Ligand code: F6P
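Consider the single chain below, provided in structure tokens and representing the form predicted alone.
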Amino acid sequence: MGKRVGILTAGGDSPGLNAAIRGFGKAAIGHHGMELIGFRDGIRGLVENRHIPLDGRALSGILTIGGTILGTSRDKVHKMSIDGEIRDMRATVIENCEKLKLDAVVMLGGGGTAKNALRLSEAGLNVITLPKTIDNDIAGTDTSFGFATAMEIATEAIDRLHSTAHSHHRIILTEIMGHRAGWLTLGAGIAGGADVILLPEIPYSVENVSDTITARLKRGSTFSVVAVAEGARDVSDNADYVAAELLVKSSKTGEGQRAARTHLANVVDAQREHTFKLARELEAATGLESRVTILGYVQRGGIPCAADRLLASRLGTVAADAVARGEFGVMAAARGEGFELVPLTEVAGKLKLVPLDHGWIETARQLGTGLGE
């Protein structure tokens, strides 16, 4: 008799989730003879035992659909809000999976999902994850599905903003998602021909950014397009953020941790509109009108591009093979032209930032793109 497997999507939505569900499902059912059920709304559905059967008919026609047919949530399995109380629900998840006679659970998600998966793996559940995020910040994999589509969307936005910046002789700042990693902004900035690219990994100086724009003015370029990562900060703000993070890491007591995290949250809130602040500073320094466009969630929606459909489909089949072989506690990762199974211990709690010696950064420098350094 074939294995019985559950699948869920967790964390933020992303292009390619349905393609990955389909990829795993078609390989698991059609090639390996498994039975598949889908849990509603991520970890929340796993805890509340809300699920639906997934057969060939349910998987048909979802390859090109954005979002996730299963729904999603950002719950932490060890700290879930249940009836107004924060509880550890790992034992409940194990019990539900035993009742359903599941041989494994496949979890599609990003960094938070990897941490949930590791906690459940350590509690005795057979788990495999697939890397999903537009941020491309998951450790252990070269790329994740959702990233290529989001980069295309951000690139197209920069393309369109060039014409209005040129027409009105303005500085246009485009804020791009990515959390604390600059992959999306860097890739879209290079592909879209941004004149300045500001990343979380490289704290910027407003003076240096304005110098780049002023130099363009002297060469006859009466406009500039600035790609700004949502996590980018100027040197001063970055120092405040780093100090707040260090306070969190160094706090030993529960009360100290809570106070430190509150302080960190306040620092983040105070810096939330940094792109608007930068726009005002650049307008004052250069004399050019400045405008801000925040792409926001438009980067996470819509039809996945061909690259993401292909990646999600291939990762799904790799995961199906792993379940068939009984390999668990791993993430199916893209490595070069192939794929590997990476232990969750090497993924959970780790962040893949843009290395300062990465080829994309060197490309930007040689193109004459300002990085605010």
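None of these values were measured; they are calculated from a predicted model. Sequential numbering from 1, following the sequence displayed.
The following text describes the form predicted in complex with the ligand, which does not appear among the structures shown.
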{"item": "Listed residue that, although the ligand is not shown, lies within 4.5 Å of it in the predicted complex (heavy atoms), from Glu230, Glu201, Glu152, Asp195", "value": "Glu230"}
{"item": "Met89, Ala279, Met177, Val225 - the one with a heavy atom within 4.5 Å of the ligand in the predicted complex", "value": "Met177"}
{"item": "Interface segment, criterion being heavy atoms within 4.5 Å of the ligand in the predicted complex, picked from 163-171, 178-186, 89-97, 253-261", "value": "178-186"}
{"item": "Thr133 within 4.5 Å of the ligand in the predicted complex, heavy atoms", "value": "yes"}
{"item": "Contact flag, Arg119 vs the ligand in the predicted complex, heavy atom cut 4.5 Å", "value": "no"}
{"item": "4.5 Å heavy atom contact, Arg74 and the ligand in the predicted complex", "value": "yes"}
{"item": "Non-hydrogen atom contact Arg300 with the ligand in the predicted complex at 4.5 angstroms", "value": "yes"}
